[in-house]
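First comes one chain, alone, set out as structure tokens in the form predicted on its own.
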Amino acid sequence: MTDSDNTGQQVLLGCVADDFTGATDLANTLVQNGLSTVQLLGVPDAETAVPDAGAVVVALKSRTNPVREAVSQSLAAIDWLRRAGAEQLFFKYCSTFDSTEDGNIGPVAEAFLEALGADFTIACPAFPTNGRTIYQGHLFVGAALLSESSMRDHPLTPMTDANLVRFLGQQTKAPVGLVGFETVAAGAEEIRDAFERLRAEGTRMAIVDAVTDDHLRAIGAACADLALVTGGSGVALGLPDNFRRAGRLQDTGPADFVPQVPGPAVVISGSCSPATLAQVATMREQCPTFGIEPLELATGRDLVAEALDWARPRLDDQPILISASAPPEKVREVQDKLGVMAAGELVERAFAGIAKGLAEAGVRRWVVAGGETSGSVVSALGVRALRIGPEIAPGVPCTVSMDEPPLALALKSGNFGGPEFFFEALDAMP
């Protein structure tokens, strides 16, 4: 990562995200609201220079890790952020609350409260722009309850309970409260009063309803004095204005500026969400496509070498697609034969090898679909930090690595974007 002389914007908001695409989603929200943001990949070491940015987002791959490992990584990240001077901490997870009955959202949030000496925080994964809303503590995806959406079939974190108060309560030691719709609709002052009432009752975490972006901005304003905020990227909409009102946010030019990056382009897709499957189908009709089959990988077939041999002569012609995305029934078949974790690890190792080979072949522009896949690809590329640029689609910005040589990357959560997203991302890249 390029060193900073730290003469510009001080780090105001320090963020930890539990996967790589979620981190860029959050960073995009902050940049769109005027807070310059840098994303770091993995827990920074002691020698990592503090970026010249108003917000720093540390991206982890902790969403599906064992609880103890996720907590340890997350605490190491906030320790670095606090030493970097962050005035408020944010724990970001998916707007569909991806987790299990054991964690990792609740245990990590509780560990953060302990580390900060704080007694209260919120949990608000709402993202109305992408159809995620919370009403009376229940999470909706569009018009459907979370438990009735495609998330019920998620291969790693199937979500079968839309009642977030109950679901989060299974992961935490203390009872979970609720700040309901009527209170949120009344504005920031009423929300803040509700926080104080819950605090007085001994509640340490509360789900907060949100149906519109205005609700999220009011919630953000009510969180100005909280040491820790947790949620999806949506609740971060209101946080930059807190620093602006306090005279802490400097105007140092466009928050989303990134340099140009020329070179060949590739799309890598590991997500099996319905949105990504539609995107893969659209691109397959117009561009060369290579498929990665987990069952073939399990036999020892060297699909990495085959993919690279297939890709190299095509790089100068047009974008190419390398995909392991598959419909739910195919995913279940593979998992039944190989095991859930083993199937995922096979594919991610393959993508890491392919990414290394393509980078050596000169690829400089990358679109990656899926949180686990994005983590594998950027780790394989040796990317340690990203400057956040303009938005491509809600929740997905252009980014440019701060390493050498610079790479342009769009890291997409599986559920985000319309059918033409891959082409839109390639067109929008600097």
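Between two forms, the rigid core is defined as the largest C-alpha subset superposing within 1.5 Å. The shown structure was predicted, so the numbers you read here are calculated from the model rather than taken from an experiment. Residue numbers run from 1 along the displayed sequence.
Form predicted together with a small molecule: not shown, discussed below.
Colleague: What is the one choice in C272, A111, A352, L228 with a heavy atom within 4.5 Å of the small molecule in the model of the complex?
Modeller: Looking at C272, A111, A352, L228 one by one, just C272 meets the 4.5 Å heavy-atom criterion.
Colleague: Exactly one of S401, T29, T373, S36 has a non-hydrogen atom within 4.5 Å of the small molecule in the model of the complex; which residue is it?
Modeller: In short, T373.
Colleague: In the model of the complex, which of the stretches 180-188, 120-128, 342-350, 203-211 has residues with heavy atoms within 4.5 Å of the small molecule?
Modeller: Of the options given, it is 342-350.
Colleague: Would the small molecule be touched by all three of P294, A326 and V334 in the model of the complex, meaning a heavy atom each within 4.5 Å?
Modeller: So, yes: the whole triplet contacts the small molecule.
Colleague: Just checking whether G417 would be counted as a contact of the small molecule in the model of the complex - the rule being heavy atoms within 4.5 angstroms.
Modeller: The answer is no: G417 has no heavy atom within 4.5 Å of the small molecule.
Colleague: Fitting the rigid core first, would the Cα of G177 be found 2 Å or more away between the shown form and the other one?
Modeller: Where the cores coincide, G177 shows only a C-alpha shift between the shown form and the other one that is less than 2 Å.
Colleague: Is R166 one of the residues whose C-alpha moves 2 Å or more between the shown form and the other one after the core fit?
Modeller: The answer is no; the displacement is under 2 Å.
Colleague: When the two forms are laid on each other by their rigid core, does D213 show a Cα shift of 2 Å or more between the shown form and the other one?
Modeller: Shift of 2 Å or more: no.
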